[in-house]
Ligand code: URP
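The chain that follows stands alone, in the form predicted alone, written as structure tokens.
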């Protein structure tokens, strides 16, 4: 199959120009003005539209066992939602419980995606214990093409690692050249505060924030940075939500600690008042770390603009409001954590970031595509519009006007966290390795065509 995208304004992390893009097979083979379509080529007229490299979400949960239930999306529904929203590559968190075997878990997560996903995918390998069998299994998983681990400094007794396990994981990562992504909250502080709040009868969703205020996240970041500094491991802080945590990460970076920083689209657009909505409505917005005071939004936007924060992800974790969130009706600690956001990340970044002047187009592309590809060993195959790169392209229509609605979303969950929010602009054409995957809000791709992206460890 050959594809010619004509007259679009190409926007990358550092360039902006009008040209045609010719794709043959699965890659970009020519970029120039006034290209002619060879016989049989499909032509897309992108006049008046932007052309972005396919976006990469560095933090999603498609298959997620959590608190006795499972997230609602599969790779069939999740990959469709991603593509409609302009995301062409997913990096999923493989999250075994402490009792689970690491290699068997990796194979289980792989089985959820292979032959089902319509977009390309890879994983961060969760390290939830470090016993006598862990090191050999992690070495094998890295050999199979994984170049990032994921650890939790929260969820004591479930996913969380202790300090000895943390140290050993970072030491191994340093040796292998693997990046360690980390959920940074002090698990002891969270556990003790939860007990105190419940004992005082404070059980509603709004109390979730009080169980893990900014100081708890900041301490978790400080803790990780101490271990990273002593081991020399490259780290990546996932879902950073507040100024206090950012300050700790930047201070460590200034000392020479290698640390990437990720925030989420919901921290940029929602605040803690959503989780405080009455009649249990706030449960829709319970996540960890929690939504913060609105004052943090400008800190995070400025951090992205100035390059202090490297990436914008979703931490997509869809649980139904009607049947799953009520597990915590009388105990906020039992509310399944997370919101559905995979489909809306780019639309929200553009509408509420670029259009409002908080960031520019180059910064959006950089934080949602190019830097992700560079940090996780996918560049320049992904995250770039250049010769030889995969033909993952997003033709984006800035003239589109619409609203977000659960009625039209492709995510398999019964609510939208952004119901009724206006949008200015959306993807009109999305391709994955040269094949059409979405058009004007509809999935048009091929389920099962998505490839597992093997990565080689390298320090960023």
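Residue numbers count along the first chain shown, from 1. Just so it is clear, the structure is predicted and the values come from calculations on it, not from any experiment.
The same protein also has a form predicted in complex with N-(aminocarbonyl)-beta-alanine (URP), omitted here; what follows describes it.
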- Query: Even though N-(aminocarbonyl)-beta-alanine (URP) is not shown here, does it sit in the model of the complex so that 61, 66 and 239 each have a heavy atom within 4.5 Å?
  - Reply: yes
Exactly one listed stretch (286-294, 131-139, 108-116, 172-180) reaches within 4.5 angstroms of N-(aminocarbonyl)-beta-alanine (URP) in the model of the complex by non-hydrogen atoms, and it is 286-294
Checking 92, 390, 315, 73 against N-(aminocarbonyl)-beta-alanine (URP) in the model of the complex, the residue with a non-hydrogen atom inside 4.5 angstroms turns out to be 315
Of 227, 123, 274, 155, the only residue with a heavy atom within 4.5 Å of N-(aminocarbonyl)-beta-alanine (URP) in the model of the complex is 155
Q. Taking the shortest heavy atom distance, is residue 338 within 4.5 Å of N-(aminocarbonyl)-beta-alanine (URP) in the model of the complex?
A. yes
Contact check, 71-87 vs N-(aminocarbonyl)-beta-alanine (URP) in the model of the complex, heavy atom within 4.5 Å, ordered by sequence, gives none
